[in-house]
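Quick setup: one chain, the form predicted alone, written in structure tokens, and binding and motion questions come after.
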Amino acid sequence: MQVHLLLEMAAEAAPDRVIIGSRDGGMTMGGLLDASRRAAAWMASRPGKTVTYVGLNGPSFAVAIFGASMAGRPFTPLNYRLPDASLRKLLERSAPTTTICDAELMARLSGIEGVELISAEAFAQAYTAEGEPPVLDDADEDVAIILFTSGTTSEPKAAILRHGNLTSYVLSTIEFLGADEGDAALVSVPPYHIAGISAVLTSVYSGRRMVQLPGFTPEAWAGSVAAEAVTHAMVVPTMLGRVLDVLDKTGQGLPGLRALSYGGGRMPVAVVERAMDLLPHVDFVNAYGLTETSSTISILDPQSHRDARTHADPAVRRRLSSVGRPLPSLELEIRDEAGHQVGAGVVGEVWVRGEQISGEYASGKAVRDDGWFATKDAGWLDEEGFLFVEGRLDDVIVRGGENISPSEVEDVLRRHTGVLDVAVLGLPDDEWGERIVAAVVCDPPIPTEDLRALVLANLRSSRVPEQFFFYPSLPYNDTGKLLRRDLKSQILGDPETTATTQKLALNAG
């Protein structure tokens, strides 16, 4: 089944339902289908073998997704926030391509061989002109979407998602036209993120109106929720804390908001608890997934949030830091380095299998012949099957042959009321292989010995950071992922890296 069939099914059943924009004057399901068919006819006439999209959220993004599907062209949204050299490099890798581009970005991308630049305005005119899409075979093995990974630890990889992967995810997780006509979802994640793609596909199939926020600010987010009667929304970790700050400042309660999902990075438990206290009427969902898995593979549902928030059992309370249980349509296992499945409570690598799993890149397949895909995420399952993700395996610190998860040290340091943000890293060490250091954002300043004592009181001495570095903020990308590679380079380039812990303690205290 191809991606555009999701739209055709919904438009046939509910052609007059508004699917994008304001309830008054927004684009209907039938209007989106007509625009996508005309866009497909236009795309089929262009020389590019793929369609790339460089721009903000808007109706044209949804039209481009479904139009590319109808035209049989792989669709690739690119990160317009990248530096010019990096963005041009990704576009070169996508050539030959027809590129739909916001007008203010066109000058940055001109002159690339094999790239036809079309302004977003010209594309909008193209999909109002008459035209019929080409007739295609329904081949769910064809490539639907190509997304470049964020490249937080290495160069971006071109992840391939086929029609069958994406439609399998939608059909197994979303009820057809199950949304009420009064429902509206605020889409504030960028188009080049898997969550941006899945938001369009799942909203159309469920019939939930999309309110697209071109660029995120916490004020614009809160204002849109109120003005557009938004009932559902999704945020990444860096967004939620800023939204809560605005709500605290303004006293807004967002009474119409019913469900808020979050994902894309590790969410501090304190932020989740604050959100649940500030918005007690809202159902919270933590969604964990990867680009290579067509979005979500595990969720912590609203009832699990409530149980964990109030339960007397520490094992249940801890689940607020989990990503919940795997989707019933998937298989999930934790495996050791030899590839053997491990039991509850044992940390290993998260492996998944299911029809939505792609595990494929332009450079080759990472999924095994038996369908299992190694996520390269470290994690463990508790006795009830709740998944706890500890971070990327590349982030695990190997000190003297002992594997140490940065997250367990970070979680302890966050208990200090003055710690606003923290990242724990491993740096090269001649004696131990790696030594543990911590980058801390705090207010007011905290003596290093207080932080060391906090870790020592809760974890083994081998987990205590040997050095602490204090910064006004830590580097994140715009989808909420900590840029550990950038932070490590920053620390290694800091002359204080070679200083003694004692000297750092004096500087901090």
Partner chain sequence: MSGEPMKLAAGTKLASAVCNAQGIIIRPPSEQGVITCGGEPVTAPGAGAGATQLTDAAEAPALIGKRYVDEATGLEVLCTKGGKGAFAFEGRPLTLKEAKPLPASD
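Numbering follows the first chain given and starts at 1. Fair warning: this is a prediction, and the values are worked out from it, not measured in the lab.
Unshown form predicted in complex with its partner chain; subsequent notes refer to it.
Within 4.5 angstroms, counting heavy atoms, which one of the listed stretches 108-116, 241-249, 69-77, 166-174 is next to its partner chain in the predicted complex? Residues of 166-174 come within 4.5 Å of the partner.
Which residue, Ser198, Ser407, Thr98, Ser304, is the contact with its partner chain in the predicted complex, using a 4.5 Å heavy atom cutoff? If I apply the 4.5 Å criterion carefully, the residue I get is Ser198.
To verify the annotation, which of these, Asp142, Glu355, Glu349, Asp394, has a non-hydrogen atom within 4.5 Å of its partner chain in the predicted complex? None of the others qualify; the residue that does is Glu355.
Non-hydrogen atoms within 4.5 angstroms of its partner chain in the predicted complex: do Leu5, Glu12 and Val285 all have one? Yes: Leu5, Glu12 and Val285 each sit within 4.5 Å of its partner chain in the predicted complex.
4.5 Å heavy atom contact, Ala222 to its partner chain in the predicted complex: No.
4.5 angstroms heavy atom contact with its partner chain in the predicted complex for His232: Yes, His232 is a contact residue.
Looking in the predicted complex, any heavy atom of Arg162 within 4.5 Å of its partner chain? No, Arg162 is distant from the partner.
Residue contact check: Thr375 to its partner chain in the predicted complex, 4.5 Å heavy atom: It does not: once its partner chain is placed as it appears in the predicted complex, Thr375 has no heavy atom within 4.5 Å of it.
Heavy atom within 4.5 Å of its partner chain in the predicted complex: which residues of 291-311 meet that condition, in order? Ser295, Thr296, Ile299, Asp301, Pro302 sit within 4.5 Å of the partner.
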